[in-house]
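Before any questions on binding or motion, here is one chain by itself as structure tokens, the form predicted on its own.
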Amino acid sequence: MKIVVIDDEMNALQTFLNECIDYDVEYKFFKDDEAAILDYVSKNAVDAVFTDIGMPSVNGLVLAEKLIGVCPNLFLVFITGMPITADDLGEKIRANTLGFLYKPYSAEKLAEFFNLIKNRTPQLTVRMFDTFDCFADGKLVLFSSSKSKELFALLVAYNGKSLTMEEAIACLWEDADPEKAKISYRNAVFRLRKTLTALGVNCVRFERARLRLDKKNISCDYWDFLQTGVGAYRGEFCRNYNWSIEYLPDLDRIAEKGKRP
């Protein structure tokens, strides 16, 4: 679980740190620097933002609307000493809001929100040996186009490394006219983003002419095999995709090494 915590008071940030340090949470703290916050959330797969409301340089509710614009699946928790409720929220952020941490809050209340975020975050399971398929909480993910599915498969094969537009085009549209290939790429990115948003999954960083997969909340047979040398690999890897052939020699070597006494 990756969260962002925003408060203009260092004492408040220190209190939050003291309460969450025993939990399996990756956190990033910010004071009220709107530009830095928006930049970080746009470039990192963040599950939730915990933010103060009344801050000198930015209003937490206004900031929340901008954050939703950057990351539509972001969960919001407002930290406040004011008697504010969900009825006081704008329509744009109400659906993303999990609740309020009223100061002074307890470690138990914070833990409730951590558990809520964890339970609401879909877990993806990816199968790459033989053909490629993806499941969200056990249900098959239906991509809106074959190319958006293949683009996601390539991202998984990149294993957390950045995938540039040029690299994606070389793999998925290698024989297409360059300008038409760029249009096809952008359409596949749009469709992939729409599919992941509908699932409530925030695992891909969509940057300018570049994509990157955040591997948290994803399990993958290919990744496990690379790490352990043990798995269901039987000589087939994403066999419907031409680019997958380049991966076979390394997979064969790992499999052969695993057979040795």
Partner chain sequence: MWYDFGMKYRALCFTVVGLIGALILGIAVPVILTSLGLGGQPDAVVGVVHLTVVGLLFLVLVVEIVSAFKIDDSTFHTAFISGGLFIMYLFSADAQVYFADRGVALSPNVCGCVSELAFVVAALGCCQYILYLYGFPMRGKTALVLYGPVAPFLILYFVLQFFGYAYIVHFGIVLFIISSILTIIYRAETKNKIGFTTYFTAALCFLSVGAQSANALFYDGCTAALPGILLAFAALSFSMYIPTYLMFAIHSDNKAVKSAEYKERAEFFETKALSGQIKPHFIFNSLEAIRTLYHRDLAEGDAALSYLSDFLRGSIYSFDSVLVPFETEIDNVFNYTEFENFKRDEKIDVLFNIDFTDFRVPPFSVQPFVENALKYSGVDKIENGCIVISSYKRGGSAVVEISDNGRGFDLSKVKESSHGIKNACERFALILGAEPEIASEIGAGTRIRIVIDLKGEGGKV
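Residue numbers count along the first chain shown, from 1. The structure displayed is predicted, hence computed values, not measured ones.
The next section is about a form of this same protein that is not shown, the form predicted in complex with the partner chain.
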Checklist entry - Would Tyr102 count as touching the partner chain in the model of the complex under a 4.5 Å heavy atom rule? => result yes
Item to check | Arg186, heavy atom within 4.5 angstroms of the partner chain in the model of the complex | outcome: yes
Checklist entry - Does any heavy atom of Ser144 come within 4.5 Å of a heavy atom of the partner chain in the model of the complex? => result yes
Checklist entry - Going by a heavy atom distance of 4.5 Å, is Ser106 a contact of the partner chain in the model of the complex? => result yes
Checklist outcome for this item: Counting only non-hydrogen atoms, the one stretch of 223 to 231, 191 to 199, 63 to 71, 31 to 39 within 4.5 angstroms of the partner chain in the model of the complex is 191 to 199
Item to check | Heavy atom within 4.5 Å of the partner chain in the model of the complex - residue from Pro83, Pro178, Gly90, Gly138 | outcome: Pro83
Checklist entry - Out of closer and farther, which fits the Cα atoms of Glu112 and Asn217 in the model of the complex compared with this form, where the change is 3 Å or more? => result closer
Next on the checklist: Just to spell it out: taking the C-alpha atom of Lys216 and the C-alpha atom of Glu19, is that distance smaller or larger in the model of the complex than in the structure shown here, given it changes by 3 Å or more?
Outcome noted: farther
